[in-house]
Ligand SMILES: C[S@@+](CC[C@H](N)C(=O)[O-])C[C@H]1O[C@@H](n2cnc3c(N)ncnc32)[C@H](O)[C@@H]1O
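Single chain ahead, by itself, as structure tokens, in the form predicted alone.
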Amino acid sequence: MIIDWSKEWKQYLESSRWTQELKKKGITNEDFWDGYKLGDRHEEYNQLTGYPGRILDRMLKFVGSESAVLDIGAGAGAYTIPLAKAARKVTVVEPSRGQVARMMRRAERDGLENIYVINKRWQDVDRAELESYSLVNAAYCFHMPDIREALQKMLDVTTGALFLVSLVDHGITDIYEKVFGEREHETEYIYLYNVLHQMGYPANVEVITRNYQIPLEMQMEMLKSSYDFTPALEQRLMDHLAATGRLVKRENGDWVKRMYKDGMIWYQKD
């Protein structure tokens, strides 16, 4: 039996914890990021976690001073800002106005004037709004039901390399299951990789592992953005963190050990 990975993707996306969480709250993906409480601390968070790190280093090999770059789902600019420092121009597709505002504050701080924003979802962007790009990046932004069409549009505007960055393992599946009583589904990178192959684009894939620590209060803020905490639930979480050896005491307070695996998928055009 041949698996239709595009069809499997639609089913995966619809049943994913993220989609169900948005439905439960009655909000869109853009609404969530507009009001994300940790949004203004995302630069600090990325520095602590070592993201994008090696992935960005790999992308920069395809960028020169005359390059035009496309950053899809740019968020607060984890890739956009460093890419804009290396390229002639970075076009950003980002539907959240809150994230665009955070990114542009960083750009202004760094004196960058070569970032051009398309404030739309990728699936709503018309081909006429785009040009050709030596590097196209889409990282953690795949809330796209018709993934085959979305990827083809990315490939159509790519002259050099297309990078897709998605989750392999966030390292806290046991917390979702044992503390919050939720079952985790498969991670999305395997779908993206196989869809590309079925489209006739034999991509490469590499799993990047990051081990880091973040302040406990930051970890709690992240979880509280998705869950309504009660004192009992918070205590259950703390007990589980302690039992699994994740809590680390420092002079400046409690920190949490984390491990994260990013799936870096890339296809280079001849």
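For every residue, the number given is its place in the sequence shown, counted from 1. Treat the numbers as computed from the prediction; the structure is a model and nothing was measured.
The protein also exists as the form predicted in complex with the ligand; that form is not presented, and the subsequent description refers to it.
Although the partner is absent here, W122 sits close enough that one of its heavy atoms falls within 4.5 Å of the ligand in the predicted complex. For the chain shown alone, I72 is a contact residue for the ligand in the predicted complex, at least one non-hydrogen atom being within 4.5 angstroms. In the predicted complex, the ligand sits within 4.5 Å of a heavy atom of Q99. In the predicted complex, the ligand lies within 4.5 Å of some heavy atom of N29. The candidate spot formed by Y12, Y191 and H197 is out of contact with the ligand in the predicted complex: none of the three has a heavy atom within 4.5 Å. Between the options I115, C141, I175, A161, the residue in contact with the ligand in the predicted complex by a heavy atom within 4.5 angstroms is C141.
Site annotation in the predicted complex: the residue of V93, V179, I81, I147 reaching within 4.5 Å of the ligand with a heavy atom is V93. With the ligand omitted here, the record of contacts in the predicted complex names 133-141 of 133-141, 180-188, 82-90, 167-175, defined by a heavy atom within 4.5 Å. Annotation for 145-178: no interface residues with the ligand in the predicted complex [heavy atom within 4.5 Å].
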